[in-house]
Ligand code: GLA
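Single chain ahead, by itself, as structure tokens, in the form predicted on its own.
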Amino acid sequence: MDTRIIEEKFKSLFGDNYMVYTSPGRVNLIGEHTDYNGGFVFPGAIDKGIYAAINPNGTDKVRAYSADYNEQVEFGMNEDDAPKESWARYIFGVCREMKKRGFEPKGFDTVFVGDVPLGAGMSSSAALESTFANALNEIFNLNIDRFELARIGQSTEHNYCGVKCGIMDQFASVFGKKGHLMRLNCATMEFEYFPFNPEGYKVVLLDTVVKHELASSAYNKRRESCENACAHIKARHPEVNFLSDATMAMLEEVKSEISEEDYKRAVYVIGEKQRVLDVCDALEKGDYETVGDRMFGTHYGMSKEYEVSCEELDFLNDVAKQCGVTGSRVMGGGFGGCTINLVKEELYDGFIATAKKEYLAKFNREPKVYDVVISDGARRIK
């Protein structure tokens, strides 16, 4: 992205001294609804993110301008200084979470802009948190390790933005590495990089432009189902702390003790853990057919077992199958948002044209199309 838009604005508001930082949004190839079940996720940072020009201002105040909203706010860093603007609460929350941990960021001026599509499930909020967490850490020599920067972003969501998210989004934004996906064990926080340069393939997101309102209550209900199934298994197998620790055989033992709904949710989570491991093995062999097969398996599980898909997502998944796409699935929490698709380059143009045409005929609008390039995480760029 051309950062001149924020640099020129910064100069007009605050002067000529500044540094430019960025952090990316993310995609998740596979491993959905597994983070809060102690399982694996498999995200990568993308080439779209938040960009901020920033400089210390010698006061205890933050002066922030959002180029996207064309709004400027000023706030202090005490708990009762919280700004009312939702975008500014992310920056305020990062400052507060640092202070709670005993670090002392000082006042600063900033102008920022983003090119992560909002509402498409690519985590623009995590990109915003990670941009400022990384920038303040470096500018004020706070010496916070990168895992703690991710946790600061997560705590900002929990405590200042009302979202009880897992750690995946902030982790991917901070630790992203160009040309690599990351397998993160959400129970232990151990991770490793896996090369992801699928020659002859493209990764593309198709955005349904739908967000269903039942999402937050439905997420909580599914989480309760998983915790209930896990509790019944743990009563027989004390070593099981998360549902992802369990096997299908353990689940079968308690099938008669839990509801059919809880059973279906658990089938999905335990199956998804294995699909992530299968994809890791396949990537090390360059076997993208298996990667794609497991992606379709995840979509089936999210649609029929976890039941977090919707008509629009299922429709796009069916179109992908008809067009010979290698792999396709709903990405993110569900109930709307995007499908992520692994497509052979020679099929790409036909798939996009068909998806647009058939989606328009069915739902009276076209899906948005986002090509994905796997990129680096939080960093200073100028």
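For the two forms, the rigid core is made up of the largest set of C-alpha atoms that agree within 1.5 Å on superposition. Numbers follow the displayed sequence, beginning with 1. Here the structure is a predicted model, which means the values were calculated and not measured.
This next part talks about the form predicted together with ligand GLA, which is not shown.
Stretch-level contact check against ligand GLA in the predicted bound form with heavy atoms at 4.5 Å: of 133 to 141, 254 to 262, 165 to 173, 228 to 236, the positive one is 165 to 173. Distance criterion of 4.5 Å from any heavy atom to ligand GLA in the predicted bound form singles out 332 from the list 43, 39, 327, 332. When contacts are judged by a 4.5 Å heavy atom cut-off, residue 337 does not count as touching ligand GLA in the predicted bound form. A residue is said to contact a partner when one of its heavy atoms sits within 4.5 Å of a partner heavy atom; residue 300 fails this definition for ligand GLA in the predicted bound form, lying far away. Contact annotation: residue 147 falls outside 4.5 Å of ligand GLA in the predicted bound form, judged by heavy atom distances.
Taking non-hydrogen atoms only, residue 219 approaches ligand GLA to within 4.5 angstroms in the predicted bound form. With the core held fixed, the Cα of residue 223 is displaced between this form and the one not shown by 2 Å or more. Core-superposed comparison between this form and the one not shown: the C-alpha position of residue 128 differs by less than 2 Å. Relative to the superposed core, residue 181 shifts its CA atom by less than 2 Å between this form and the one not shown.
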